[in-house]
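Just one chain is shown here, as structure tokens, and it is the form predicted alone.
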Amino acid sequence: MSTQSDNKFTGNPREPEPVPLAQADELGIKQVLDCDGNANGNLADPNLSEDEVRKFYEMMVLVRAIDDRGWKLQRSGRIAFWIPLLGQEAVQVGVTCALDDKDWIFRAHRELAVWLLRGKSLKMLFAQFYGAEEEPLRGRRLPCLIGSRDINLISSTTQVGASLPHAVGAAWAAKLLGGSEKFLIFFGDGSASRGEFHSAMNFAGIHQPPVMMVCVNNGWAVTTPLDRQTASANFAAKGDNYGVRNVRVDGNDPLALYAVTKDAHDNIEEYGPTLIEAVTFRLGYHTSSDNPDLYRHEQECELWKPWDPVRRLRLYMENKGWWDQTREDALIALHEKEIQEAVTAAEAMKIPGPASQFDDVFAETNWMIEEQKERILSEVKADD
């Protein structure tokens, strides 16, 4: 008689693939920094100031620290869910810093830096993780699915790729109204397998709205590797079929990401929409419900570690004399203090009750909403 352990599913990981960033020239990937932080890639150094580069680095280190704390909070049962971002810090920072504050951003699941770069507080970010009543979405979204109207940041949905048609449609509407703002949407490589991606690309090619579509290609659509997602040479090339300008960029190089996005942004009237494929890698879990050991060898993660975006930018700064271990230690201590204060504040906030889910469904309530509300509350009371 077999036991449960005898039947344990152990997965069938594919063999590790080489890191494409090491072949940037051959693969048409725009790159400023090599793996040792030297600016000798195929794209010119944007020559940002010391303060600008330090802003990039400090934010990347901060969101990595937030990710570490968020993972621990979920594993200890203090928040319900977590979406790790380890290894993908450069995309969200480099891209966002290339935009104007008035521009609209439709985010995916991992771009926590956008919230902070747009001036929102760390305390309110953690309030969203806890689902607190006073955070902008009033506790109605999963942790990490943040957004706020006052910073033109559209929250993500759990259905990947769903916001792509919304983003290009909003950009077209702004164009028709004569607005000067631009639009950008982050989405994962898995979203390119959905119909919404193709609808959005077709619409963008025809109507030429002021939009940049950033495909964060981290190598895995949850458990599906690239060679099982598409037969195309890459994701950027899909733009050719729709008449959309496209470019591949090193997604672990914040300077290259900034330069490519800034170029697309500042020349959008000439270029039209741009599809940007940011080639990166998810070093951690897909979500806190995932187990990557079932589909991915740890050796593949090891191959990517020399291309760690935080490490590369730190080496770049050290080479210029802008950073040292003393500054690093002070930054880590500061972030630890700030994060702990944000956690303490968020845990003291009120969590909305079950009745709140019926608020704001319509401008005015109606008999259907009231009937559903009454039923839910009676069931909750009976359970108590």
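Residue numbers here begin at 1 and follow the sequence given. Just so it is clear, the structure is predicted and the values come from calculations on it, not from any experiment.
The form predicted together with a small molecule is left out here; the points below concern that form.
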Exercise. Among His109, Arg314, Arg296, Lys175, which has any heavy atom within 4.5 Å of the small molecule in the predicted complex?
Worked result: His109
Seminar exercise, completed: Students should find that, of Lys120, His286, Lys238, His265, the residue having a non-hydrogen atom no more than 4.5 angstroms from the small molecule in the predicted complex is His286
Exercise. Does Arg194 reach the small molecule in the predicted complex if we count a contact as any heavy atom within 4.5 Å?
Worked result: yes
Exercise. Does the small molecule get within 4.5 angstroms of any non-hydrogen atom of Asp189 in the predicted complex?
Worked result: yes
For this session: Tell me, yes or no, whether Ser76 is in contact with the small molecule in the predicted complex, where a contact means a heavy atom of each within 4.5 Å.
Result: no
For this session: Spell out, yes or no, whether the shortest heavy atom distance between Ser180 and the small molecule in the predicted complex is within 4.5 Å.
Result: no
Problem set entry | Stretch from 68 to 76, 135 to 143, 157 to 165, 244 to 252 whose residues place a heavy atom within 4.5 Å of the small molecule in the predicted complex | 157 to 165
